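Single chain ahead, written as structure tokens, the form predicted alone.
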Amino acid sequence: MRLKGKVAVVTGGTKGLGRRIAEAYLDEGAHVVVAARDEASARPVLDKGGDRVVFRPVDVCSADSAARLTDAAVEHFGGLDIMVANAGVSRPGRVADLDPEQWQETVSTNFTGTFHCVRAAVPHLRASGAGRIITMSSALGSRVAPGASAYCATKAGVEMLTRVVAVELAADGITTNCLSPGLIDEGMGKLLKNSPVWDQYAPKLASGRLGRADEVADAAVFLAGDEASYVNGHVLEVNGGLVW
């Protein structure tokens, strides 16, 4: 029960890696607010956590919506200790062909959305005395993938934002770190495996397999817990080794 009594917000927490992180936090004793655009997919997590988990709607593209989310967490559970800014989208396309609206959607969700959630959480995390911010990048945040210009660029931005925030908030007792999953058998990784380009990516797996969602969730538990109290501004890659 490494997170017993802690209060966490997980955006994009009703499916994919976000859902698995939320479930792992519940297993470790935390109170969890799972946040997404709609509640329909939240039922499995809500059923698992009883009165230690609630759903709250959020549009991370809106600063006001992110602020309402963190305020709701504090109102319901009495505080906020952990913010996991996980919500994200991927809109494939080469630069010459990508629709500008899809570019903007990716930037607004992945990059600006992370900023909104981090910014909204800061006052509450300062009150915690041992706040944790965990952002979500990707192996593609530091590796070139033709056809993924928007996704790669936003995730690279998230990594640098994480490092800056870590330095700015360290004196407040808040750590800020970034998870960078590789090819995982959940969420976008699962979609990639079933796509026509999978044959290009399978040989890059040094471990010979996709990662498991629970392996990413375990890393998220570590970064949220006391064991990571002196880990700050770090991008933790969970990818089994990649041959890019």
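Computed from a prediction, not measured in an experiment: that's the story for all the values here. From 1 onward, residues are counted along the sequence shown.
From this point on, the text means the form predicted together with a small molecule, which you will not see here.
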{"query": "Within 4.5 Å of the small molecule in the predicted complex, all of T14, D38 and G88 (non-hydrogen atom)", "finding": "yes"}
{"query": "Partner-proximal stretch of 92 to 100, 165 to 173, 73 to 81, 130 to 138 relative to the small molecule in the predicted complex, 4.5 angstroms, heavy atom", "finding": "130 to 138"}
{"query": "One residue of C178, L183, A66, V53 in contact with the small molecule, assessed in the predicted complex (non-hydrogen atom, 4.5 angstroms)", "finding": "L183"}
{"query": "Position in contact with the small molecule when the complex is considered in the predicted complex, options V58, A217, V33, A30, heavy atoms within 4.5 Å", "finding": "V58"}
{"query": "Exercise: M188 in contact with the small molecule in the predicted complex, heavy atom 4.5 Å", "finding": "yes"}
{"query": "4.5 Å heavy atom contact, F115 to the small molecule in the predicted complex", "finding": "no"}
{"query": "Touches the small molecule in the predicted complex: T109 (any heavy atom, 4.5 Å)", "finding": "yes"}
